[in-house]
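Shown next as structure tokens: one chain only, the form predicted on its own.
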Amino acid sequence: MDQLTRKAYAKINLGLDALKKRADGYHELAMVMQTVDICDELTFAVKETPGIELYVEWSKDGWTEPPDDFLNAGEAQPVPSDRKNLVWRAAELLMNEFGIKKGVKITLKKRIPVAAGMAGGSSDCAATLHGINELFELGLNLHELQVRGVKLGADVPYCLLGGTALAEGIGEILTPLSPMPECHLVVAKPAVSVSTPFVFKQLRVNELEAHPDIAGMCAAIGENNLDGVIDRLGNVLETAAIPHFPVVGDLKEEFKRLGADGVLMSGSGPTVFAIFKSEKQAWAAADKVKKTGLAAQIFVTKPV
């Protein structure tokens, strides 16, 4: 095999709870993760000469008035095309471990919002682990890829799995769940980018007044009960993010005003997603939110 293409799907968090801060500085988490139909695309091609080449392209498909720097391949480009990118590091990890003498050219077509709480970088990393494994016929199974992936990022093992899952520990302990009940999602990313370490640094676990019902969320998903899922939406990181990024709260309120059945910030933010039972209502809400200027990127999508 000389070339292959893989999709890297974004994720949202239907529930995110932090239980305690660990001695290693990470937080003990319980999360319900869900992939959505917004994806990057990666193409892998074998080179006869050693080394890794990474090219980043930008897709306008599904974006509403993206900021110029998202489409600029110059100095303002927010995604690096060198070893700072998890794609490069994932390819390097496997190629070094297995002593691969040939090289690889990787083209990454970006569509997932950047620094958005949607695991875009982790998903690209996971797709690269899958891609290099297939391209060079390394024969690694999912678990073996996850063991390597967690060294690159806490969300990578989940992104290797995809679908609906309970994630515990720092995110690496995974329990697959039944598919999320069918619904329509509007995903809105404001024109700000958020550092995950910054948000976790602001989190005060001992001062949290409420915790999401993660067990109840898992049960509702198992029962294909969309109302039960909506009733249990919760993300403790909102308490840390919204005071510093009030646009997240503004977006949530706007979606509620437009009749969303449920609204939540995804991950460490600033992306907000709204659940609608009606596809027509989802598209109408997306159009109205676009006109407010609260979001730089808006997608109407669905769970995968």
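This one's a predicted model, so the numbers in the text were calculated from it and none came from an experiment. In case it trips you up, residue 1 is the first one in the sequence shown, and so on.
A second form of this protein, the form predicted in complex with a small molecule, is not displayed here; the remarks below concern that form.
Listed residue that, although the small molecule is not shown, lies within 4.5 Å of it in the predicted bound form (heavy atoms), from L135, L185, L108, M180 | That would be L108.
Work out which of G171, G131, P212, G120 lies within 4.5 Å of the small molecule in the predicted bound form, going by heavy atoms.
-> That would be G120.
K84, heavy atom within 4.5 angstroms of the small molecule in the predicted bound form | Contact check for K84: yes, within 4.5 Å of the small molecule in the predicted bound form.
Residue contact check: P113 to the small molecule in the predicted bound form, 4.5 Å heavy atom = Result yes; P113 sits at the interface with the small molecule in the predicted bound form.
With the partner left out of view, is Q146 within 4.5 angstroms of the small molecule in the predicted bound form by any non-hydrogen atom?
-> No, Q146 is distant from the partner.
Does the small molecule get within 4.5 angstroms of any non-hydrogen atom of T35 in the predicted bound form?
-> No, T35 is distant from the partner.
For the chain seen here without its partner, which of 135-143, 162-170, 219-227, 84-92 has a heavy atom within 4.5 Å of the small molecule in the predicted bound form?
-> Flagged stretch: 84-92.
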